[in-house]
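Just the one chain here, the form predicted on its own, laid out as C-alpha cells.
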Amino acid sequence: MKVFKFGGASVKDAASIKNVSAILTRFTGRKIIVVVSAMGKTTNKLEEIVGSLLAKDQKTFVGLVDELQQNHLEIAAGLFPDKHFHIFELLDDIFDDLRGQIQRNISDNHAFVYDQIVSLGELLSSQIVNAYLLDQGLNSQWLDARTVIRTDNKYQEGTVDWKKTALLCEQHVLPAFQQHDILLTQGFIGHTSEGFTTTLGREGSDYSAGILAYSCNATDVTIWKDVPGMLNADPKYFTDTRLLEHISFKEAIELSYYGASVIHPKTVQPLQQKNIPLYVKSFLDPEAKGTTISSSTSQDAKIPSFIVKKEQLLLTISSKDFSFIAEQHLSDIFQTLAQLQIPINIMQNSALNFSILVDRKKVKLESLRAALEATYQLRYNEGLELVTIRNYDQQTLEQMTKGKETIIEQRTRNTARLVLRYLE
C-alpha cells in the first residue's frame, strides 16, 4: 500500500484535479491512500474568515464566505457539466453551515474556533477530488481523517496520539481496502477524543501523509509537487540549482530544520522509524526521476545545499549591570522568548552579550523591549540574511560572502551558517 500526497498547487483548479486523476490512473489496481490539501490559497481565505468571525464583522464575513464558495463552485463546474451532480448540493450544505457560524455563540478559545473553520478547506477539496475520481471510474472512497488521526486538545498544533491512531487505522483504513483501491482523505487535520477537529500546524498535510504511512505500514510515500524534486537551493535566489536525486532521512531532517521548504519538518521522522522511503516527484512531469529519501547516506555529501532566510533581525541582549551572561540570565531570556513566541534561527554569546537571529516579521520589538527592560539592554540590526550551507567547501563560502559583510559565522564539519549584510 502506497501513500500519495497532493498539495494545494496540485488541486488548485479543475485542470489540476484532472491531472491528479491522470496520475492515479497510472497506478490502476494499486492500493493507495491519497492525502490532499486545501485548494490553492483556500487556507489563507479561511483564516480571513476566522478573523472576521472573531471580530463579529458580519458584512466582511459573509462576503468572504460567498467569495470562497464561488471559487469552489467554479472548480466543480469545470469538472462536472451536470449542475445537479450531488457534489454541488454537498458544497452548498458545507457553506450554509459555515454562514450560520456568525449567528452562533463563539467559543472563547480562538484556537478551537480556528481549527473548526480552517479545516473546511481540506474537507472541501477532498470531496471534490473524490467525486471526480469516481466520475472517471476510479475505485475511490472518501475517508474522513477526523476518524483516524487522533491528537490531543492542543488546537492549531495537535500532538498525535500514535498508539490510538494506529488502532483507528487498523479499524477503519485497512478494512476499506478490501473493497476500494483508493482512499481519498485530508491532510492537516485530526480529531480529539471528544470528536472535535484539530489541525497539525500550517503546511501539515505532508505530516499527515507520514502519520498515515507509519500507522498503516505503507511501502512508501510520494509527495507530488510543482518542482522536479528536492533542489539544493531555492530557484528564487539561485540560477544554477541541482536536483538532489537521493538523500538520507538524516539529511532531509537537517535541511528541513534549517528551513528548506519542500518537506514539512515533522514528515520524515515517522518514516525514518519504519524505514519507509519518501519520494518527491513532479506532478507536472510524473515520469521524471525526482528525489528519493531513504536510510542510505552514501549520496549526502556530494552536492552542497543552500538555504536562505531573508529579512532577518539580529538582537543583542546584555545585562544592565555589566555582569556575565550566565545560566540564570539565559534561562530568563529563553523564557521571555517562549512567552512572546519568538523562534530563534541562530544564537551566539560572549561574556557580556547574548545575540540571536530571528525572522523580523515574527518579532514585536516594543513587546520584547518591555519584557526585558527591567534587567537587560536590547540592541538590534535589521536587513540581514541568514545563509545555511550543508556540505560546504571553501569555494562555496567565498561565493556566498562575495560583496557582503559577514556579521556572524558558525561552522561544523558539515554545516556553515552565515549572517550577512550587503555592502553598500
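Just so it is clear, the model here is predicted, and its values are computed rather than measured. Numbering starts at 1 and runs along the sequence shown.
Heads up, the form predicted together with ligand ASP isn't pictured, but that's what we're talking about next.
For the chain shown alone, Ser205 is a contact residue for ligand ASP in the predicted bound form, at least one non-hydrogen atom being within 4.5 angstroms. By the criterion of a heavy atom within 4.5 Å, Asp115 is excluded from the residues contacting ligand ASP in the predicted bound form. In the predicted bound form, ligand ASP stays beyond 4.5 Å of every heavy atom belonging to Ser355. Among heavy atoms of Thr388, none comes within 4.5 Å of ligand ASP in the predicted bound form. Heavy atoms within 4.5 Å of ligand ASP in the predicted bound form are found in exactly one of 197-205, 242-250, 277-285, 315-323, that being 197-205. Residues Ser37, Ala38, Thr43 of 33-71 are found to place at least one heavy atom within 4.5 Å of ligand ASP in the predicted bound form.
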